[in-house]
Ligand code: PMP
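One chain comes next, on its own, written out as structure tokens in the form predicted on its own.
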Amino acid sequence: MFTDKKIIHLGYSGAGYDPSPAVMDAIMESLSKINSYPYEGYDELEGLIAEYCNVGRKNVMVTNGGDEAIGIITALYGSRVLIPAPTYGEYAYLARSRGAEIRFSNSMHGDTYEVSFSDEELGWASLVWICNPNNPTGTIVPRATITRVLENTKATVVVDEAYYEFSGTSVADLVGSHDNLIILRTFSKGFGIAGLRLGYILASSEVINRIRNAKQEFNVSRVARAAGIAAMKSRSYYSERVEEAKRVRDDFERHCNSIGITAFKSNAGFVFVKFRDMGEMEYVHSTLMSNGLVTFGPSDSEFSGLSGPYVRIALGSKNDMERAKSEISKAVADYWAEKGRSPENKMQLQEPPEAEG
């Protein structure tokens, strides 16, 4: 049960900062027409996104968050779905909901996340998912890996770049040369408007047309459209906020490593933490929850194929992360005090635990 402390949501990863003033103004202005459909269409927003991504206007389509895109893509292409594990759980959730065949490819090798599909897996699949940077590990999948996958399968390959604003890594320039490539992005992370549910896809014009014909006519609300346009015009504001968030993230990683738990190097808006054993993880995770700090532990509903002593901690504000540092430090110390020995002695008693895929 939560205490009377302020509840801090560090599970679902949105943004630990406010939308730009221009976005807030655009939202308020759009409310005066909330009684009408967004019949004007999405040309302006999609044009701004095309400019931002350096692709053609015909290569962009806006969606009702990334989840709508995942659902439509799965419906159109996902009879046999290949998923690296561990990764974002929505790919498997929506594939199961449609009765698709699913294969998970183990990509966790010790403490290293590496996508390494076999030729047999790539030949079997009709739809391949790659999350880049990966969620929950925060690992960047090398461009060469993605290119190899694209060139060695007839399947549709979706690269989920939800955290592009944090990683700066993209294969958007390959859209024009690979008809089997779809890129998925969102305004929920770097642009901080997760509550409005706005995303977009980048793909060849043929793929865009097919997906556009499968969506609802007015899939993006008037309010979300206005916010997206304003966000695209406020990129300098968001660039500064993201850089600040990355500094907070890196400081949090250093703190975790300094108290003896392992923070994976993240290229996203969260930190993936490995504890010494399951007992320590469960104690710290439950203690954080009881003290009002909501985080994600190993759960197949959130992250397909994740098991072991891991917790994913999304970035909040600087003050939120300072509180998280304090609470985690105390919980780790209390756990080992109850065990009657120091964590250093624990580590001498057994081999370091390996991550499980």
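In case it trips you up, residue 1 is the first one in the sequence shown, and so on. Everything numeric here is computed off the predicted structure, so don't read it as measured data.
From this point on, the text means the form predicted in complex with this ligand, which you will not see here.
K.L.:
Counting any heavy atom within 4.5 Å as contact, can you tell me which stretch out of 203-211, 142-150, 222-230, 87-95 lines this ligand in the model of the complex?
P.N.:
That would be stretch 87-95.
K.L.:
Taking this ligand in the model of the complex as the reference, which of Arg197, Arg235, Arg103, Lys274 has a non-hydrogen atom within 4.5 Å?
P.N.:
It is Arg197.
K.L.:
How about Ala245 - does it come within 4.5 Å of this ligand in the model of the complex, if we only consider non-hydrogen atoms?
P.N.:
Ala245 lies outside the contact set for this ligand.
K.L.:
Give a yes or no for Phe191: in the model of the complex, does one of its heavy atoms lie within 4.5 Å of a heavy atom belonging to this ligand?
P.N.:
The answer is no: Phe191 has no heavy atom within 4.5 Å of this ligand.
K.L.:
Mark Thr186 yes when one of its heavy atoms lies within 4.5 Å of a heavy atom of this ligand in the model of the complex, and no otherwise.
P.N.:
Flag for Thr186 set to yes.
K.L.:
So in the model of the complex, does Asp320 come within 4.5 Å of this ligand, heavy atom to heavy atom?
P.N.:
Because no heavy atom of Asp320 falls inside 4.5 Å of this ligand in the model of the complex, the answer is no.
K.L.:
Quick one: in the model of the complex, does every one of Met281, Ser307 and Tyr310 get a heavy atom within 4.5 Å of this ligand?
P.N.:
Spot residues vs this ligand: no contact at all.
K.L.:
Between 149-173 and this ligand in the model of the complex, list the residues on our side with a heavy atom within 4.5 Å.
P.N.:
Sequence-ordered list: Asp160, Ala162, Tyr163.
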